[in-house]
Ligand SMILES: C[S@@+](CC[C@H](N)C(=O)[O-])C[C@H]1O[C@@H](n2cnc3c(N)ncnc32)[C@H](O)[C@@H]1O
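One chain follows as structure tokens, the form predicted on its own.
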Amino acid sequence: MWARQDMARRAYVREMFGRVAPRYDLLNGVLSLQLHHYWRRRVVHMLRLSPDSRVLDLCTGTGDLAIELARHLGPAGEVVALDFCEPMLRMGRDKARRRGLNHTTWLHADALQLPFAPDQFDAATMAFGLRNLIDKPAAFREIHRVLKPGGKVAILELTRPTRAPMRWLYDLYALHILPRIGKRLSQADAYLYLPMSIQHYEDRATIAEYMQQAGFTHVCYRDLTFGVVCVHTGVKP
């Protein structure tokens, strides 16, 4: 029964992101007030990567974090961008090609079943994808497996602020204003799903515990922009 429900949810999420792909970047900018670019730059800065790093960007979507990583590393590095939704991946691939970022690889695959041998990457990232995964502990185990010893992970995710009145204002925006904007500019059900997925997302301490259970050390998290997003980081020993 649970396996069937998981498969149905995976299919729904894949199909939903396929439908919103053409206007996904537009909505990202509008709904985040363009802050999503700043958040991604902070993630790249936190990793402190060497120019020749090999980085895996999971749930890459339309590839904004992968592109930011590729820009930061330059041609000496390599970015592998992975997503299970082909229309989203296609948009990211096209954006990278237009920017001349030829040291990126775009791969259609599942974050819960990574098609790599162990100890392949210097770092792994994910932006706004973790809350959509049906088995977060399994995702962290897979990330741990493919990182080299000493490899770093950074997860950027939308969260609810922990303190009032910012929490109240955020809920007002996410539950009432955001779906109306999404309905007008894109797909109504996708932007009803978004706030619901944030409301049901595990708290910061639980995500940190998943990372520790997967084997990561130096696990910590940092809120950005009054707690509307959070970055979790860790290291494979």
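One-based numbering along the sequence shown. Values in this document were obtained by computation on a predicted structure and should not be read as measured data.
Below, we refer to the form predicted together with the named molecule, which is not included among the displayed structures.
The three residues Thr60, Gly129 and Asn132 all sit with a heavy atom within 4.5 Å of the named molecule in the predicted complex.
Within 4.5 Å of any heavy atom of the named molecule in the predicted complex lies no heavy atom of Asp122. Residue contact check for Leu224: none of its heavy atoms lie within 4.5 Å of the named molecule in the predicted complex. When the named molecule is considered in the predicted complex, Ser32 lies well away from it, no heavy atom lying within 4.5 Å.
Under a 4.5 angstroms non-hydrogen atom cutoff, the named molecule in the predicted complex has Phe17 among its neighbouring residues. Scanning Ala96, Ala154, Ala111, Leu73 against the named molecule in the predicted complex with a 4.5 Å heavy atom cut-off leaves one residue, Ala111.
Residues of just one listed stretch (43 to 51, 199 to 207, 168 to 176, 23 to 31) have heavy atoms within 4.5 Å of the named molecule in the predicted complex: 23 to 31. Along 70 to 101, a non-hydrogen atom within 4.5 Å of the named molecule in the predicted complex is carried by Leu82, Asp83, Phe84, Cys85, Met88, in order along the sequence.
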